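Only one chain is given next, in structure tokens, and it is the form predicted alone.
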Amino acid sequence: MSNPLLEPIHGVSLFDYAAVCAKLGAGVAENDVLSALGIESAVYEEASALWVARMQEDSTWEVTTEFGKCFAEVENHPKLKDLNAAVTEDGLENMEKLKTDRYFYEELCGARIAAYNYGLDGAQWTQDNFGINLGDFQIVAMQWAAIQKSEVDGDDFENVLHFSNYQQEKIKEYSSQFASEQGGNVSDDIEF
């Protein structure tokens, strides 16, 4: 490695650190994750703090960029790839659909944004309604972000705009739903 900031910390590589973050975000118990990785809690806590410090001090953004790539590839981590939180059958089906169906992904992004706009926890709403936890959602989001980047790099702005518009439609649709569930918007009875 040419960048010393990418060297492992106490034997914890950046890929290890990203995978631990992803698994913890997906609801896997910390003890299970650290045990599978073969490290103690104190080692992880220090490595975690130092990885964050490295990202903060890296003016080139290389560490942060590599972290994002590693986070998106957690399913390939040799020690943690098969470690998952308990997920319902519907949740598993929805996760597979989220990975392969961009319309479904954009819809859930729109729903989460609308939920947050209406004072709801969008991540919790997604888990409650679709069985997809925040960590797993973010892993898939990184994969779709890479696809969108390749579209931008390939000058396929029409496709980018298409899905952006679709997400905006879903934000409006779910906003209406959440407003209705909360008794309407404050300004619904104002006429101009």
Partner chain sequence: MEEADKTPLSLIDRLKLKAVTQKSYGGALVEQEAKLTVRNCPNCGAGRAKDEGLTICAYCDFEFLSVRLTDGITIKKENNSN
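Residue numbers count along the first chain shown, from 1. If you're wondering where the values come from, they're calculated on a predicted model, not measured in any experiment.
Heads up, the form predicted together with the partner chain isn't pictured, but that's what we're talking about next.
S.K.: Every residue in Ala42, Tyr118 and Gln127 with a non-hydrogen atom within 4.5 Å of the partner chain in the model of the complex?
M.R.: Each of the three qualifies.
S.K.: Just one of 158 to 166, 141 to 149, 66 to 74, 32 to 40 has residues with a heavy atom within 4.5 Å of the partner chain in the model of the complex, so point it out.
M.R.: That would be 32 to 40.
S.K.: Please tell me whether any heavy atom belonging to Gln177 falls inside 4.5 Å of a heavy atom of the partner chain, as the geometry stands in the model of the complex.
M.R.: Answer no; every heavy atom of Gln177 is more than 4.5 Å from the partner chain in the model of the complex.
S.K.: Is there a heavy atom of Gly135 lying 4.5 Å or less from a heavy atom of the partner chain in the model of the complex?
M.R.: Gly135: yes, in contact with the partner chain in the model of the complex.
S.K.: Quick check on Cys21: any heavy atom within 4.5 Å of the partner chain in the model of the complex?
M.R.: It does not: once the partner chain is placed as it appears in the model of the complex, Cys21 has no heavy atom within 4.5 Å of it.
S.K.: With the partner left out here, check for me: in the model of the complex, does some heavy atom of Ile171 sit within 4.5 Å of the partner chain?
M.R.: Contact with the partner chain, no.
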